[in-house]
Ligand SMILES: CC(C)(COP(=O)(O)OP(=O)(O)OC[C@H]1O[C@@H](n2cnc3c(N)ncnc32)[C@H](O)[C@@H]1OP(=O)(O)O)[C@@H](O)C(=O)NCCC(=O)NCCS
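First comes one chain, alone, set out as structure tokens in the form predicted on its own.
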């Protein structure tokens, strides 16, 4: 069997209590306190020689995992948070704790990663091109059509590319360029369409904010399609202030400039 999708979540499930007199005999499967299981999308696998899950408990667990994979809010069901929840088996005999782990991390990239992150950028910005009717004919310089060669020309001192990754798979990207005097330009903030609505875009720009402060900077500037009201509002909600707009020859849209200040 070979998986065709990279999962962005994993789960650790631990038996933490027996609901009836503290005796494991009440569980037909023989669960004991401390039994621990791990899984991603599939069935939980025991880590310490314990047995498996009964079908009734798996039904409950499957529903919870589907909510997590759909980026739902478990707090609506009465759980206190979205990363560490406790639930009973359907018979009320065993209490479990399920810890939810986000497998995605942000890492510096090098020139050898360029072909992979270039494709991430193009695929991510293709949705913008489609929404605004941008093509190679009417807007060849749009980011959705950026070439590997053009991206390679950015690689120099003061250029910092970062990837949002699970293992070796890159599915998000952002770069910072030192413009001097404490100002950094943030470019190509991208998340592949199938990985959106998990909060990864915010995770990327929050990372860039912290990186700029770490590098001694005080300001981030960005340029966006000014007509993209949804994106503009999203950046505003994340602390960016609209400063000005400009029209450039060859671009069939207005460029809006926004900035975030660490001060």
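Positions refer to the first chain, counted from 1. What you are looking at is a predicted structure, and each value in this text was computed from that prediction instead of being measured.
Only in words, not in the display: the form predicted together with the ligand, which the text now covers.
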Which one, 107-115, 182-190, 152-160, 81-89, holds residues whose non-hydrogen atoms are within 4.5 Å of the ligand in the predicted bound form? 182-190
Proximity of residue 196 to the ligand in the predicted bound form, heavy atoms at 4.5 Å: yes
Proximity of residue 201 to the ligand in the predicted bound form, heavy atoms at 4.5 Å: yes
At 4.5 Å between heavy atoms, is residue 207 in contact with the ligand in the predicted bound form? no
Indicate whether residue 217 is a 4.5 Å heavy atom neighbour of the ligand in the predicted bound form. no
I need to confirm a contact call. Of 127, 99, 138, 147, which residue comes within 4.5 Å of the ligand in the predicted bound form, counting heavy atoms only? 127
The listed residue (231, 39, 54, 50) that reaches within 4.5 Å of the ligand in the predicted bound form by any heavy atom is 231
